[in-house]
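First, one chain by itself: the form predicted on its own, in structure tokens.
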Amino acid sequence: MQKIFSIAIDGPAGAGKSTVAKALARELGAMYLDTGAMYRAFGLAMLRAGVDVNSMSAVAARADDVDITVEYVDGVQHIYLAGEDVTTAIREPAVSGAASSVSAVPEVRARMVALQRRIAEGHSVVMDGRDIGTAVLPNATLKVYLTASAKERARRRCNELAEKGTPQPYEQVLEEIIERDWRDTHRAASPLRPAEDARPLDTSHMNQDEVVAALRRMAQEACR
């Protein structure tokens, strides 16, 4: 493996990017950065401030006002909003929609991308999101587009919510995923799409261990 390398994992909501990226980073001894958590934190800040997250102008006006920092506690990423640890709070269902809305605002994306690049400087990093290979790390050692069918992603999300004690109807979760896919792929600022040199990986019929193993093989090949 190269001494310093970067792995960009992009894909739609519910594809399991964060889970497998964390596992891959541990196996490779790299730093993991969940970029989606940063947009969730921004979305949470807007909700708390009473800003209409569907108003691009209102959100853009606050792009430089939100204090977001990323720290690692015992190797685990924590997201702070004005000094408050919001790592758990940003996983609330209401924040997911807000994150998708604010991430479509060019001014927000520009600020987050700059912050993500600074965090990655000088480190071997595994980063997941929706525009890592296309915007954040265009020169990444390895780019992967991780996906799964909408139905499978909805099933996984339902299981995750049930385990957290906040179950939701499958039909509702599926509808939300389809809507978010549309928003993410049609936004003007860094829309969700595979980088031209990204390697596709459909995980619809794979378990977590199989996905991590496939990613590890790709990484070993790319980092020789």
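As the structure is a computational prediction, the values presented were derived from the model and not from experiment. Numbers follow the displayed sequence, beginning with 1.
Unshown form predicted together with a small molecule; subsequent notes refer to it.
Ala99 is the sole member of Leu146, Ala99, Val86, Val108 with a non-hydrogen atom within 4.5 Å of the small molecule in the model of the complex. Contact annotation for Arg91: at least one heavy atom lies within 4.5 Å of the small molecule in the model of the complex. In the model of the complex, the small molecule lies farther than 4.5 Å from every heavy atom of Phe42. For Arg180, a non-hydrogen atom is located within 4.5 Å of the small molecule in the model of the complex, even though that partner is not displayed.
Residue contact check for Arg187: one or more of its heavy atoms lie within 4.5 Å of the small molecule in the model of the complex. Looking at 29-37, 193-201, 63-71, 163-171, the stretch with residues near the small molecule in the model of the complex, meaning non-hydrogen atoms within 4.5 angstroms, turns out to be 29-37.
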